[in-house]
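So this first bit is one chain, no partners, the form predicted on its own, shown in structure tokens.
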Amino acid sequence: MAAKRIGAGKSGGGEPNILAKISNSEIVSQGRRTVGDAVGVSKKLLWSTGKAAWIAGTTFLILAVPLIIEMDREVQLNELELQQASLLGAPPSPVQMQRG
């Protein structure tokens, strides 16, 4: 016959078990409230960060991308002028040398 372990199984006598006592304790309730508050703050932070990222991204697209495209066009135009000047045999002017 196996020896009966003390504390194992259901408690007799109608007492609430230890798990119920722990889950209903003040420390666990306070921990749950703290976790709930942390989740709420995290959601607000993520929402604000997402809004800020959206504003920064759209601002970049509206302001910076056209500037980058125009600068690239200017560089290509300067390179084309230098190439045409070298094909025609004319030495590049000092202004063209400074731009390139």
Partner chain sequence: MAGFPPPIFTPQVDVKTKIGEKVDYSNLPCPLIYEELHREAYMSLKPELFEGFRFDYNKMVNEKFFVTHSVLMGPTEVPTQHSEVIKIPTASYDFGAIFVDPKLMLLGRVTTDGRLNARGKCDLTENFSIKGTAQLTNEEHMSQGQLTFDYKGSDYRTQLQVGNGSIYGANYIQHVTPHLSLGGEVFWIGQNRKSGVGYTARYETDKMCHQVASGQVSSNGLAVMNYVQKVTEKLSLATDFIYNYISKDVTASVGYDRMFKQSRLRGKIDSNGVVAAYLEEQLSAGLRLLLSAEVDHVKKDYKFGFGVNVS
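These numbers were taken from a predicted model, which means no experiment stands behind them. Residue numbers count along the first chain shown, from 1.
In what follows, reference is made to the form predicted together with its partner chain, a form of this protein that is not presented.
Proximity to its partner chain in the model of the complex, single hit among Met71, Leu46, Ile27, Ala38 (heavy atom within 4.5 Å): That would be Met71.
Touches its partner chain in the model of the complex: Asn78 (any heavy atom, 4.5 Å): Looking in the model of the complex, residue contacts with its partner chain include Asn78, since a heavy atom lies within 4.5 Å.
Interface membership of Thr58, its partner chain in the model of the complex, 4.5 Å heavy atom rule: Residue-level check for Thr58: yes, a contact with its partner chain.
Contact flag, Pro66 vs its partner chain in the model of the complex, heavy atom cut 4.5 Å: Yes - in the model of the complex, heavy atoms of Pro66 and its partner chain come within 4.5 Å of each other.
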